[in-house]
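Just the one chain here, laid out as structure tokens, in the form predicted alone.
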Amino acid sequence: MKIKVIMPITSDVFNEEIREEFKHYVGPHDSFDVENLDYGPASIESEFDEAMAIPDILNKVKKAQEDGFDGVIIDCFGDPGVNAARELVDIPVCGGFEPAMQIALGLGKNIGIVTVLPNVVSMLQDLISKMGIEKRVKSIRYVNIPVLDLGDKKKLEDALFNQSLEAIKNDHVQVVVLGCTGMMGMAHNLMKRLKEAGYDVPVVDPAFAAAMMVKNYVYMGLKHSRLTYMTPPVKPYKWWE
């Protein structure tokens, strides 16, 4: 199985870490390729950033299918361009949000998200509404750390722990979802620290969830429904090269 991991940003600050993490997500006979955008934002932290990223995301998704990849991961919790990409190609495409939330819904009743900045909260509320899970998501909190500063792992882990603890105590959260794919590698230690604090709750890593979801779709021979994601009408398109 060949999986294309599209980083929907121009910055390559996460690339090496992603390559190391994804070695644990794929099987011995699977392969993956990590690719950044050629143009767009350095990180996605607003609706504007997302809109700027989508054209080249679609370019990369289209090329991934042409190059024989079996599935695509758009490595962002905001799922930028996911629905458009599903219309465009005949291979499975997932972002971070939908797989993480689908997994979380099977692990507990009340879900909480801990994301990066207040700027993205309304974006996540829109995604929650589109999935129809407003009654299950009890909390959206943020660590107030910009995406490109998530490399300070100690600071990030402490902030995630504090915000998760508040969500559990005050918002009655029973499952924690990491609200940024740049928070990779945090889930295990966070679960351990929460358990030591008296709260045995699962923590869902969205990048891991996306990888597992795409792999399962490919193994099961499934792709997204053409009754939902209809192929765009035939017309001239000018693609950025």
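Heads up, when I say rigid core I mean the largest set of C-alphas that superpose within 1.5 Å between the two forms. Residue positions are given as counts along the sequence shown, with the first one as 1. Bear in mind that the values here come from a model prediction, so they are computed numbers and not experimental data.
Beyond what is shown, the protein has a form predicted together with another copy of the chain; the following relates to that form.
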| property | result |
| --- | --- |
| Partner contact for residue 155 in the predicted bound form: another copy of the chain, 4.5 angstroms, heavy atom | no |
| Partner proximity in the predicted bound form: residue 166 to another copy of the chain, non-hydrogen atom cutoff 4.5 Å | no |
| Contact of residue 149 with another copy of the chain in the predicted bound form (heavy atom, 4.5 Å) | no |
| 4.5 Å heavy atom contact, residue 14 and another copy of the chain in the predicted bound form | no |
| Within 4.5 Å of another copy of the chain in the predicted bound form, all of 86, 102 and 201 (non-hydrogen atom) | yes |
| Members of 37 to 59 lying within 4.5 angstroms of another copy of the chain, judged by heavy atom, in the predicted bound form | 38, 39, 40, 41, 42, 43, 44, 45, 46, 47, 48, 49, 51, 52, 54, 55, 56, 58, 59 |
| Large Cα shift (2 Å or above) at residue 29 between this form and the one not shown, core-fitted | yes |
